[in-house]
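Next up is one chain by itself, shown in structure tokens, the form predicted on its own.
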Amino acid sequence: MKLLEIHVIQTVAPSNLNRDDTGSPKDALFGGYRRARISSQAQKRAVRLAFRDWPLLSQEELAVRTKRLLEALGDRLQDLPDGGGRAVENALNALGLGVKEGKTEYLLFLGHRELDRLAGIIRENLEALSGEVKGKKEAKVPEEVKKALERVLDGGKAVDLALFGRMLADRPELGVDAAAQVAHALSTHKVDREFDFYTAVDDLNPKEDTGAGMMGDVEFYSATLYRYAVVNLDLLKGNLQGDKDLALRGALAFLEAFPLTLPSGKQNSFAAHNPPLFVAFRAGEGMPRNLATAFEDPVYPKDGKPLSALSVERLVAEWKKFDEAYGPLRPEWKGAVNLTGVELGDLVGLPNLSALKAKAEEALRALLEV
């Protein structure tokens, strides 16, 4: 497997970036100890928002996840009466994507190019698609129109869709296997949740009324996190219909966005905007290697060193241990931006993220044959 791995050590101040259904910050047992956790889904969402908001990729190279496909297609068909409403709904029903009360039954992840082409086919076949709406099981659409609609759902060369995949419950054959795997971020040490009890004062209270206008509490923890992701480069290129240049730009965009983004839960209360203290990449051909086992035995503060430095020491030692036991990738490129001052051994230290991206680009050009 040709791969690009990203390893991150990141210390975040007290925060609640990713909470569960009770409002508590997510956690998990690992190595027999309670750890802070940020879900892979939340990290991938943060990356997709970065793709949308940062100048890494153009909009047509991205996808949108929504139940509001009628609106998205209607926006592209504004010149038609009613935005082509009945034709749009019949087209979606013909694809097996049922519509209820103006929305699809579940979230769908479609590339902007796919939406543009769907709108084009609806426009070209307006008469054939304008019959009575009867639902996805009884949709009456000419077979050639149905086949034309299905040919559109090829991923649309959308980078985020190619990385994170698509599952269509009703049409599994139109799904896309994800090229990127993202691990749940785990703290390298054990954590205990803490509570912030707060009160808010009513500004218009009379002087004699000294009580609080409201009160409550919020859970939080601070953590030094290990974060890991791996991209299957052949699958990424395949999902992008063999476009090597787009696969290169997509992998580099992911390499930049993944370390620099986190979920934004309760940031107005905590402002835990803490960049990573260590970012490493490993690229080449071989088996992927999540190094979370370096922290199966929790890291404890010692010798006056911060948890981040102790965690990087553990990570570098685990990297070396696996290299000695199972060998490196062949060929292999690697490098790291390290702000902890820890000795990196044969892991090449790089001064900043731009240098790391440049080093990774050498590897990706060779592996993707750009």
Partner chain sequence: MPTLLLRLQGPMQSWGTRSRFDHRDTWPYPTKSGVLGLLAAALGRDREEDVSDLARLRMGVRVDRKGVLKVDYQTAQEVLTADLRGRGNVQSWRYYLSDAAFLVGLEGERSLLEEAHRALLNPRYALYLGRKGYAPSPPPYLEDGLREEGLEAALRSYPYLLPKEPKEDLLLALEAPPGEGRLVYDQPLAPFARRRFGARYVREEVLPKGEVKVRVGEQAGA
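The structure presented is a predicted model; accordingly, all values stated were derived computationally and were not measured. Residue numbers count along the first chain shown, from 1.
Keep in mind the form predicted in complex with the partner chain is missing from the figure; the text below concerns it.
Exercise. Kindly confirm or deny that D27, Q41 and R289 each have some heavy atom within 4.5 angstroms of the partner chain in the predicted complex.
Key: Yes, all three are in contact.
Exercise. Given that the partner is absent here, state which listed stretch (305 to 313, 29 to 37, 335 to 343, 54 to 62) has heavy atoms within 4.5 Å of the partner chain in the predicted complex.
Key: The contacting stretch here is 29 to 37.
Exercise. Report yes if any heavy atom of Q181 sits within 4.5 Å of a heavy atom of the partner chain in the predicted complex; otherwise report no.
Key: Although the partner chain is absent here, Q181 would touch it in the predicted complex, with heavy atoms inside 4.5 Å.
Quiz item: Should D20 be counted as a contact of the partner chain in the predicted complex, where contact means heavy atoms within 4.5 Å?
Solution: Judged by the heavy-atom cut-off of 4.5 Å, D20 is in contact with the partner chain in the predicted complex.
Quiz item: Does at least one non-hydrogen atom of K321 fall within 4.5 angstroms of the partner chain in the predicted complex?
Solution: Yes, K321 is a contact residue.
Practice problem: Would you check, heavy atoms only and a 4.5 Å threshold, whether D234 touches the partner chain in the predicted complex? | Solution: So D234 counts as contacting the partner chain.
Quiz item: Among T199, N205, Q267, T293, which has at least one heavy atom within 4.5 Å of the partner chain in the predicted complex?
Solution: The residue from T199, N205, Q267, T293 that makes the contact is T293.
Self-check item: Residue (of D75, D209, D116, D177) lying close to the partner chain in the predicted complex, criterion heavy atoms within 4.5 Å
Solution: So the residue touching the partner chain in the predicted complex, by this definition, is D177.
Practice problem: Taking the partner chain as it sits in the predicted complex, which residues of 324 to 339 have a non-hydrogen atom within 4.5 Å of it? Please list them. | Solution: Result: A325, Y326.
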